[in-house]
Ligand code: NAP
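In structure tokens, one chain follows: the form predicted on its own.
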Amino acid sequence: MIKATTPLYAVIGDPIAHSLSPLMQNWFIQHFGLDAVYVAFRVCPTELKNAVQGMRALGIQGMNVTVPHKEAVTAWTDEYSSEVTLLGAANTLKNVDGKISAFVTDPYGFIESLSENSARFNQADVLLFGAGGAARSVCYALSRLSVNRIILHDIDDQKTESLLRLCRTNLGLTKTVALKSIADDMNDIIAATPIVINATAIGMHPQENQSVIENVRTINKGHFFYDLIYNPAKTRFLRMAEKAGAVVQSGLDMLIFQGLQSMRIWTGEELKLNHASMQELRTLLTHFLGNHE
């Protein structure tokens, strides 16, 4: 039952109407028996400062931040986690007596989503497509997973160079290299690289029939392909890899675990999901996505 003392959590973004966060976070609240309620607010960029000030004024205890505010929001918060300082973006705010702290949960969501596949990353080479905010979080996660080398590619050379510097200078990933273009020898690169990750929007609507790589003949059962996209559930990138025998994973579990990490930050509780609970939540979110394509 909602009371006058019930904590309020929220997500802000623009657009926000199709966000999965209210459905997912309210499921967490019910599942763990928490006293809280979670809502969504559309906040345009010019109102971002006012939204953070409103968080203070209204006593909103926790807030998720999605596009396009993840980088800009740090200007209006009082303190940051070390990950926010390093990555320059935040997706979770916590309000304690009017003091707003900023966190980023995406790297932890990525790591936790891997489950038994995390062992694949130890001293492995990784081919990563993308150099935006999602890719930066993935690189932070990869540094925690003790990978050997990252091969970066993005169509934006400036973003690629920035991520390359972050990896080499701040994340200890000194062997990181960048591809200047989709190389003619991509088959050779894939053959020598057991993990391939897509952190771009290629494969989402309206690019469902596209993939960051095409006609790769060297994918095999020793490969692990991960796509941060979760709608559609299996992108062309994953379907191609799965057909060739690779182990594949979508970004749905990453979405779940980064959201759960936010709830842990707000409540201070070490919340965990068992296998049956994970399957129940996956089914709920997949059903929602299927009805809102």
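All values derive from a computational prediction rather than experimental measurement. We number the residues from 1 along the sequence you see.
Only in words, not in the display: the form predicted together with the ligand, which the text now covers.
>> Check for me whether the ligand, as it appears in the model of the complex, comes within 4.5 angstroms of all of 135, 199 and 202 - heavy atoms only.
In response: Per the other structure, all of 135, 199 and 202 touch the ligand.
> Looking at 123-131, 96-104, 185-193, 80-88, which lies within 4.5 angstroms of the ligand in the model of the complex, counting heavy atoms?
Replying inline: Stretch with heavy atoms near the partner: 123-131.
>> Whether residue 28 contacts the ligand in the model of the complex should be assessed with a 4.5 Å heavy atom distance threshold; does it?
In response: No, residue 28 is distant from the partner.
> Does any heavy atom of residue 154 come within 4.5 Å of a heavy atom of the ligand in the model of the complex?
Replying inline: Flag for residue 154 set to yes.
> Counting only non-hydrogen atoms and a 4.5 angstroms cut-off, does residue 114 reach the ligand in the model of the complex?
Replying inline: Judged by the heavy-atom cut-off of 4.5 Å, residue 114 is well away from the ligand in the model of the complex.
>> So in the model of the complex, is the ligand close enough to residue 255 to count as touching (4.5 Å, heavy atoms)?
In response: Flag for residue 255 set to yes.
>> Using a 4.5 Å heavy atom cut-off, which residue among 73, 212, 173, 145 comes into contact with the ligand in the model of the complex?
In response: The residue from 73, 212, 173, 145 that makes the contact is 212.
>> To verify the annotation, which of these, 240, 229, 40, 51, has a non-hydrogen atom within 4.5 Å of the ligand in the model of the complex?
In response: Only one option qualifies, and that one is 229.
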